[in-house]
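In the form predicted alone, a lone chain appears below as structure tokens.
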Amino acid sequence: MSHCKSLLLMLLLWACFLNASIAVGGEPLLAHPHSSKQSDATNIGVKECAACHSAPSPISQFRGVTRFVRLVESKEWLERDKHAYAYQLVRIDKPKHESNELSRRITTKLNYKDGDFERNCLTCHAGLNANEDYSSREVKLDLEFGVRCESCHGPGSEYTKREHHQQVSWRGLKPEEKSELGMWDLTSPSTAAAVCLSCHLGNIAENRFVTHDMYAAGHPVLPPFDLQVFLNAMPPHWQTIQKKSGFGNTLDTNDPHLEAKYISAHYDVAGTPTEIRAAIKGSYDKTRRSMIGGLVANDAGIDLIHQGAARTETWGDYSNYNCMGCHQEIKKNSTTLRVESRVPGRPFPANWLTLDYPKIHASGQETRDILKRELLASFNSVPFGDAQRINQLRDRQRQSLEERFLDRRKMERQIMSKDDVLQWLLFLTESRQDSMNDFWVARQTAWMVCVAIDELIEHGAIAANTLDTVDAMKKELQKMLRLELQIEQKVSVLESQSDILETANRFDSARCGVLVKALVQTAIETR
């Protein structure tokens, strides 16, 4: 087989690892935490946001507003963020890139008619809502801006009304209070991950999915998910809580407790303003985002299974399964062949969507284990799973997901210490040691380990005499798993497509396992 044909075969083999969509499906088991309680909130458009968030006015700087929010977010997003160019890379009316030609080929092969491209593609590539009137002049203008501000931050009609979010009092509101006006709390790892995963994993109810037919037509492979790694690759147009400072003493207010109030709305921490500021400065927030993002992905995968099973016409799309469940290599010493506790020919969901909770109530663990066994048993009972059996688990699974959501909320409000990070690394490597021969599991696990190791280094928690060794191991993992995400705004992922597939084909799972364990052991030995 020629080199090109090998790449095409690998594309078909690996592409179906990602959970994907069908045109319609059941409602989610658990409303995503970014869902607004304000049913009347609607989008106001990029131009309204950009009016203030492109550059700070002299008055805003004089008043001290930029100590809380920089007011350059829109400009940096438009000029640097790949999401702002997401529509331009796939639009089928004005071909300028190879990816535009691919979009036309995909839509032709799928026999898309009027409106199908908008409903099935632009829900992700332009942040369209499934029920949005994409034919209106306002929406057509906003399409030019790709994944828009409100696609991630929430519909702005209510929180911009009467200048709510421009008032000093806004800074002291709890995230829940802001959510009631439509603004999603992206300082919450659970919320941020849910927003990202609605496209980067999928949500049938929101019509944001990549079907197996789409992959077969040429849609590029998407990676597994790590919230912090994805945030690192954007690049950031935001300001972290740690970097917001001095906004309690401005021309608008003279409240030395405002910063402490703001921080306390996001963390369970007490003390004087100085003590609170010192506590969050020492928190391992990047590792926390990586960990919680993985847990959200796990639960979103369960949610997707139930969304697909809710209606017979949406069940059984091949993209819902681990691709190697069908496309196993038949060769000696294969690193991708998996011996699973399943009936041959009955694939399970993607392996990387299996991350257990390191900090949970003992009373909930037994229920979760039972549900996991019953869910997997439903995939073993008949080819591609028994939707009826899965539906019978629905109410119990809903309750379990709600409990896990509350567990995550507690996790993300805690100050994460060095010991917490080391315990997480131990748990992660131990719980995943039997699945690291799966390239996508290994890639996500390596991302999580490297995020934690990098943050330990930032905090000076790794012995100086081991840094060169750590750096060498990280570089080897990077080359082995191609850990760096492409970040150039106007470059299509097609340019890296063959590289990642070739990397997956060469994957040395044994060496990968050795490197990951060595990195974790090095961190633990410098405790």
Ligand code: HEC
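For clarity, every value in this text was computed on a predicted model and none was experimentally measured. Note that residue numbering begins at 1 and tracks the sequence as displayed.
The form predicted in complex with heme C is left out here; the points below concern that form.
Asks: Under a 4.5 angstroms heavy atom criterion, identify the one residue in Ala260, Leu231, Ala205, Ala387 near heme C in the model of the complex.
Replies: Contact residue from the list: Leu231.
Asks: Heavy atom within 4.5 Å of heme C in the model of the complex: which of Ser381, Gln433, Gln167, Gln414 fits that? Just give me the one.
Replies: None of the other options qualify; the answer is Gln167.
Asks: For the chain shown here without its partner, which stretch in 390 to 398, 415 to 423, 188 to 196, 448 to 456 has non-hydrogen atoms within 4.5 angstroms of heme C in the model of the complex?
Replies: Every other range fails; the passing one is 188 to 196.
Asks: May I ask you to state whether Asn120 is within 4.5 Å of heme C in the model of the complex, using heavy atom distances?
Replies: Although heme C is absent here, Asn120 would touch it in the model of the complex, with heavy atoms inside 4.5 Å.
Asks: Should Glu48 be counted as a contact of heme C in the model of the complex, where contact means heavy atoms within 4.5 Å?
Replies: Close contact exists here: in the model of the complex, Glu48 approaches heme C to within 4.5 Å, heavy atoms only.
Asks: With the partner left out of view, is Ser99 within 4.5 angstroms of heme C in the model of the complex by any non-hydrogen atom?
Replies: Within the cut-off, so yes.
Asks: Using a 4.5 angstroms cut-off on non-hydrogen atoms, would Met473 count as touching heme C in the model of the complex?
Replies: Heavy-atom contact with heme C at 4.5 Å: absent for Met473.
Asks: Though the partner is not shown here, which residues of 90 to 122 have a heavy atom within 4.5 Å of heme C in the model of the complex?
Replies: Contacting residues: Val90, Ser99, Leu102, Ser103, Ile106, Thr107, Leu110, Tyr112, Phe117, Asn120, Cys121.
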